[in-house]
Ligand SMILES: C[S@@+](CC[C@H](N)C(=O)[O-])C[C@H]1O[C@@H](n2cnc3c(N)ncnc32)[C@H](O)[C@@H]1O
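The form predicted alone is given below as one chain in structure tokens.
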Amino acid sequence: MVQDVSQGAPVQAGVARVFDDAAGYYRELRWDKNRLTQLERWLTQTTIEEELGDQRVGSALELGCGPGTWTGLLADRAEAVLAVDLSEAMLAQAGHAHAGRPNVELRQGDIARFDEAGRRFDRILSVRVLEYVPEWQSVVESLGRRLAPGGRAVIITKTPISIWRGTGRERWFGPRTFARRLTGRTLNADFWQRYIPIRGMVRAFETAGLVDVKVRPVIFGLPIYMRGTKQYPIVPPFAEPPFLAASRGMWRWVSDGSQLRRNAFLWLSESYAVSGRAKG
């Protein structure tokens, strides 16, 4: 079921428009297209699974479900899942992907403004969404009142300072982009995107009253694959398998290590995860 919720400021309408336009191809292009994107999907999925845990719970909330790429991970663990997204076209894709799951409810709306009148959730997940939400801090700080006692929240967003930067929608490189930077112009005035500082995200978790707050790299490695970001295209397709296997092994070593080790390797990550638990 999809319910309509009124949208907010023009920036939300701009973000919704961008993702409406991308809905038809986003999942295939971002997560399924080739060996590299499939590895990045595996890294992201494994992170989510490990941070959510295997315990069966009563309810879960997904903030910004997009085409439903990760919604099934919540549906496998919760009796009822509420998945919210700004883009109607993305929600249509999510509805198609999870048509056979009666425990999934899809709702159209702005995650910074929707309110469930005191409803609490055992699990809250948001994957690569908050970098498009100007009110990201208030969204994270609301986790404390949205989580049930003992509930867990997992947020994944893009790393602001790493060897990956220079890719994506706003690049520093290239004459036209550099000219836009000098004049203060953007590609779309109503489109908002920022990379959230890791310390700021952790502080927001702590302000929300969450405990056992942890940080870990998600998509990890060097942007050197010709079919990847194309920032530093070095490894050709025929040589990808051993390099990808090495990246996976290194990621596993870092992820299984101490928080100090994880922090030390964040500069090699394209995205990071922060998780925490509500008291009780």
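Source: prediction; values computed, not measured. All residue numbers are counted from 1 along the displayed sequence.
There is also a form predicted in complex with the named molecule; it is not shown, and the following applies to it.
> Any chance Cys65, Met90 and Tyr132 all have a heavy atom within 4.5 Å of the named molecule in the model of the complex?
Replying inline: Verified in the model of the complex; spot residues all in contact, yes.
> So in the model of the complex, does Ile124 come within 4.5 Å of the named molecule, heavy atom to heavy atom?
Replying inline: Outside the cut-off, so no.
>> Residue-level contact is defined here as any heavy atom of the residue lying within 4.5 Å of the named molecule in the model of the complex; does Val104 satisfy this criterion?
In response: No, no contact at 4.5 Å.
> Taking the shortest heavy atom distance, is Tyr26 within 4.5 Å of the named molecule in the model of the complex?
Replying inline: Contact with the named molecule, yes.
>> Residue-level contact is defined here as any heavy atom of the residue lying within 4.5 Å of the named molecule in the model of the complex; does Arg128 satisfy this criterion?
In response: Heavy-atom contact with the named molecule at 4.5 Å: present for Arg128.
> Where does the named molecule sit in the model of the complex: which of 66 to 74, 213 to 221, 233 to 241, 247 to 255, heavy atoms within 4.5 Å?
Replying inline: Stretch with heavy atoms near the partner: 66 to 74.
> Which listed residue (Leu143, Ala94, Leu86, Ala204) meets the criterion of a heavy atom within 4.5 Å of the named molecule in the model of the complex?
Replying inline: Selected option: Leu86.
> Even though the chain is shown alone, can you say which residues of 13 to 28 have a heavy atom within 4.5 Å of the named molecule in the model of the complex?
Replying inline: The stretch 13 to 28, when checked against the named molecule in the model of the complex, contributes Val15, Phe19, Tyr26 at the 4.5 Å heavy-atom cut-off.
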